[in-house]
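First come two forms of one protein chain, each written alone as structure tokens, so that there is a structure 1 and a structure 2.
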Structure 1
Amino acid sequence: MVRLKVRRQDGDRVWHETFDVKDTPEMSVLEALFYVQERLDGGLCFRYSCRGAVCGSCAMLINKVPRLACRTQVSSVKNEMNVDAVKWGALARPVVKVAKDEILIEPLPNFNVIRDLVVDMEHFYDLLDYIKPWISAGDEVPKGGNLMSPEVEQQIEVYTNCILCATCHGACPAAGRDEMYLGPAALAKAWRFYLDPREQEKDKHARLEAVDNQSGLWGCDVVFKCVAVCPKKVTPTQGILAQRRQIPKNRIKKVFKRGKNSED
């Protein structure tokens, strides 16, 4: 038996409720939540789809750490509480009283809650949209396809592995402070497109220009919380730092481009 302590919310009403779940050796937190939904309280809501840590639906705060519920084993978080809470600082608030053997489950921080564990992701998707997350490919497909070396491919791959689950956003202190901060996922995605030889130079520079500000690259505290929680080993902070290093070059290009334009 394992006890879940779940933060519930319906409109303005917020409360904590405990559920006793019959656990099995390899049970995930997601499965434990299904147990509650199917046997104890059909009203409990949380998002899910793949149950295999690839779709990014089920991010939530488990024992004060943002993680995917499907990838988190009940056995590994059963007696964990009060250990990490210290390390996770700001996320540890509001303080909730939990017994040692309870698993505390709350919605992802830095988001508005719609109900129970379902948060409003629209803001996250909007932030992503801001960086124009696509390759601006021309209509003509080159014969035989574009060539790319395996080295470049592997460099980009670190960033394409992002599943947009938003655990990083939930762990990010800058996102907690500034609602307009683009956040680790969008900024890592921006770097992914910068690295891609298929992206047009002018679009790379425009994107870099768009994130060259306090709500973008310069808003990051460089505390690597996003890197620590990412279930896919993406490294947003490194991507942010790498883009900061490109900025002087980019600003010169911008001036140069302006100069050229005025000549036209």
Structure 2
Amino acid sequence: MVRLKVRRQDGDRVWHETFDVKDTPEMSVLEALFYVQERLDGGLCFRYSCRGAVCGSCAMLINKVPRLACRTQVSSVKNEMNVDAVKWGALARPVVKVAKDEILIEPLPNFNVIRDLVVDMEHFYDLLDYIKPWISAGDEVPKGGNLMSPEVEQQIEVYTNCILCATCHGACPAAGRDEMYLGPAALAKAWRFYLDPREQEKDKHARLEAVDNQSGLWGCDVVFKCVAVCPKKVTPTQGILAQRRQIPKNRIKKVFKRGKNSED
């Protein structure tokens, strides 16, 4: 048997409840939650969809780490919280004590909780909309089509793997202290579209200027927590740093362009 310690919430009422689940080989945390919902407490609320780490719906905090419940094996995390010297440091301790063979399950941090493990994702999607996650290619199609070199394709692919699960946002300390901070997912998407050769030059500059502020690129603490928790190996921090390096280059280009135009 394995015991799930689940943080419950209904309105302003918050409590932790434990459930004993029959531990079967290769059981995922999502399957364990289904066991609870179907046999022990039908009122337990959580999100899921594909069950195959594609949709990102089942993101939650498992043993204080943002993860996808569908791909997290019970066997790999049931004793994890006992190794506090590794996870929490020599002096720190988890807020909620967890016994042996117990898994602590909580809603994703940095989001408002609707009920139990279900969080409100609307603000997260609003942040994504701010960076305009689409290509502004213009009306004219280049002769031969919009071709992309293998090198550029590889650069972009790192960021297209994002499934918008928001584990990165849940792990981000900057998002925790500033709700207007765009967050790792949105800033990684901004770089993905900046890199796309189909994007017009003026739109590239506008895209970069839109995130050139404290709620954007400069709000990042560069602690790589988003990289550590991403289930698809997306590297938002590298994208953020790349955009920071690109900003002065674009400013220099503008100066030269103005100088050239004045000469003409």
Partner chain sequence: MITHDIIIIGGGLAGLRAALEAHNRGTDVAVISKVHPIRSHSVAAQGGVNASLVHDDSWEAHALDTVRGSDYLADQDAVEVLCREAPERVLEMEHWGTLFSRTRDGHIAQRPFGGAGFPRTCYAGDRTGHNLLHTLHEQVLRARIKIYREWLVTRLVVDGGRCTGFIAMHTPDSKLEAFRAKATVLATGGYGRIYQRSTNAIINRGYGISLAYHAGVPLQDMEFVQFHPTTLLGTNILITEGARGEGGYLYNNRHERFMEKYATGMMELAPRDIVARSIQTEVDEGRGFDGGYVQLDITHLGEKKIEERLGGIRQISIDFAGIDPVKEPIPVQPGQHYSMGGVSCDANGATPLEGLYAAGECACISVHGANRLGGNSLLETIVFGKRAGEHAAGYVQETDVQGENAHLDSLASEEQNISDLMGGDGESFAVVRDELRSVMQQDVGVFRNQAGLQKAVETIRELREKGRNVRVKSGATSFNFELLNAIELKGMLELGQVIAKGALAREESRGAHYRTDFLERDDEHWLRHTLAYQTPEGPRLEYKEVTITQFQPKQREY
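Every residue number counts along structure 1's sequence, beginning with 1. Heads up, when I say rigid core I mean the largest set of C-alphas that superpose within 1.5 Å between the two forms. Because the structure is predicted, anything quoted here is derived from the model rather than measured.
- Where the criterion is the form predicted alone, structure 2 meets it and its counterpart does not.
- When the rigid core is held fixed, the Cα atom of residue 180 travels less than 2 angstroms between structure 1 and structure 2.
- Its Cα shifted by 3.3 Å, residue 137 is compared between structure 1 and structure 2 on a rigid core fit.
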